[in-house]
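One chain is shown next in structure tokens, namely the form predicted alone.
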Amino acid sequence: MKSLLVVFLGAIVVLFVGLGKKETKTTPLALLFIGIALALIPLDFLGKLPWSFEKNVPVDMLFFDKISLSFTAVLLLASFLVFGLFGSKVQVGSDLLGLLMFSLSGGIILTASSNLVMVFIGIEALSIPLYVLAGSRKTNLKGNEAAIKYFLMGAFSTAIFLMGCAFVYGSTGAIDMETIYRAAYTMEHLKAVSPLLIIGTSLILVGLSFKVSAFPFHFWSPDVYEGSPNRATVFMATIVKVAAFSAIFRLFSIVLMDLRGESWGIVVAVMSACTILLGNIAALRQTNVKRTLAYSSIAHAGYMLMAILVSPEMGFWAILLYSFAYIAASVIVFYYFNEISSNRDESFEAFNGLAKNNKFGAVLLALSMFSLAGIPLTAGFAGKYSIFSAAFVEYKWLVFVALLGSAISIAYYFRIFKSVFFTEGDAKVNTTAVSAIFLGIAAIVILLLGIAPSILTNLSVFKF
């Protein structure tokens, strides 16, 4: 996990180099560090790097396996796109940029945590900078509301998570995941699962469900997304969500997999169904694009929860593919929303006539809408297909619910499509050459993984 060290050191460098300078001066430096960290992932994956610091890290603190490397690659790609497309042109100083990089470091820790204390550290390192970023527009009342709601919900969810960890420790006598796995396996096969372990597992699930906005712990998400600056919002919707799901996947699909039938399986299935239906139905009723995207993000959390219910290997590839698809499409949509809503109009009418004034942007928006809705030949379709086909064996009813939710989602995604292509207006976005490069990278991910998802899923299969 050399990437973690590169990102953390990069955050410190960006903070000090950017003192007194406009953020645009240090954004290339931040992109350089993230690019280096991203370039190290495939080399680390193949074991081609001649140097290593993993041997100096206690084995019960962090996992340096291909699961963590894969999720780290998703987080770094998302950060690379967000930093490249959402840089502030007026911000003096790189404090916000540095906070984003520190938050990214927390996300990477979360993907690699091998004990519950490190999961807690990862959650806090990921979340605390975002409490500041959500309220960084000090004179904006909605921003102040978003910051206090995000902070309070984050504090409550962390407290619930820690209580769950205490119960798990009380029942297993351990906080490292390998020991917890062995204890849960033994209890299940002896048919003597401790009630403390079931309670602890439930509380941990509740704490992490807040982070991914899963029902019924989603209620903070629309208000926080709407009030936060657009860059912080897209960071929450992509990096935070994927990082939290990486922890959920490792804890529930691997460490506590033997308790699926005993305690958490049906609970997660019902949460997934309710999250999908609530997110998509609520999104239909919105007139504000940002709130619509917030409820859309909730619905996508429901689809990703389905991947937790299947076998670890199938679930891993499904959630990884879906994460790439979701991030690439979300970044494109939020970018054009950010550019178009600069005049404070956050309604669907703000997109009116974009196809006439910016064909490139209209095509990319359509592509991202198709991917989010799960239209064939996009990465979103490949991700949904992989999740639905894996879950169909044991949870047929849940797959039917997910298909219904996907059908509903087409209606509100088509509202943006209709505004862009079929409604007269003067929406216009002047896409720079640099922005076009980052948007092109996101579009390539959507098309490449949509047409040939085997590029990702045929990578070396590893044992769990």
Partner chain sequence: MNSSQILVGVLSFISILGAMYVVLSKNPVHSVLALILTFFSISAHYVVLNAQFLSVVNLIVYAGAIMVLFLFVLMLLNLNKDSEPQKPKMASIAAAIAAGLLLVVMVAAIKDSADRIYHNTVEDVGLVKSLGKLLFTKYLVPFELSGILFLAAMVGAVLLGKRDKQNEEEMTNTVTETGGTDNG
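Residue numbers count along the first chain shown, from 1. Computed from a prediction, not measured in an experiment: that's the story for all the values here.
Another form exists, predicted in complex with the partner chain; not displayed. Remarks below refer to it.
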Notebook entry, point to check: Hey, in the predicted bound form, does Ile199 get a heavy atom within 4.5 angstroms of the partner chain?
Noted result: yes
Hey, in the predicted bound form, does Ile266 get a heavy atom within 4.5 angstroms of the partner chain?
no
Problem set entry | Contact flag, Ile441 vs the partner chain in the predicted bound form, heavy atom cut 4.5 Å | no
> Does Ser209 reach the partner chain in the predicted bound form, with heavy atoms at most 4.5 Å apart?
Replying inline: no
Each of Phe102, Ile121 and Gly135 within 4.5 Å of the partner chain in the predicted bound form, by any heavy atom, yes or no? yes
Within 4.5 Å of the partner chain in the predicted bound form by heavy atoms, the stretch out of 186-194, 267-275, 322-330, 248-256 is 186-194
The partner chain in the predicted bound form has a heavy atom of only one listed residue within 4.5 Å, and of Ala436, Leu38, Met61, Leu32 that residue is Met61
Taking the partner chain in the predicted bound form and a 4.5 Å non-hydrogen atom cutoff, the residues of 359-380 making contact are none
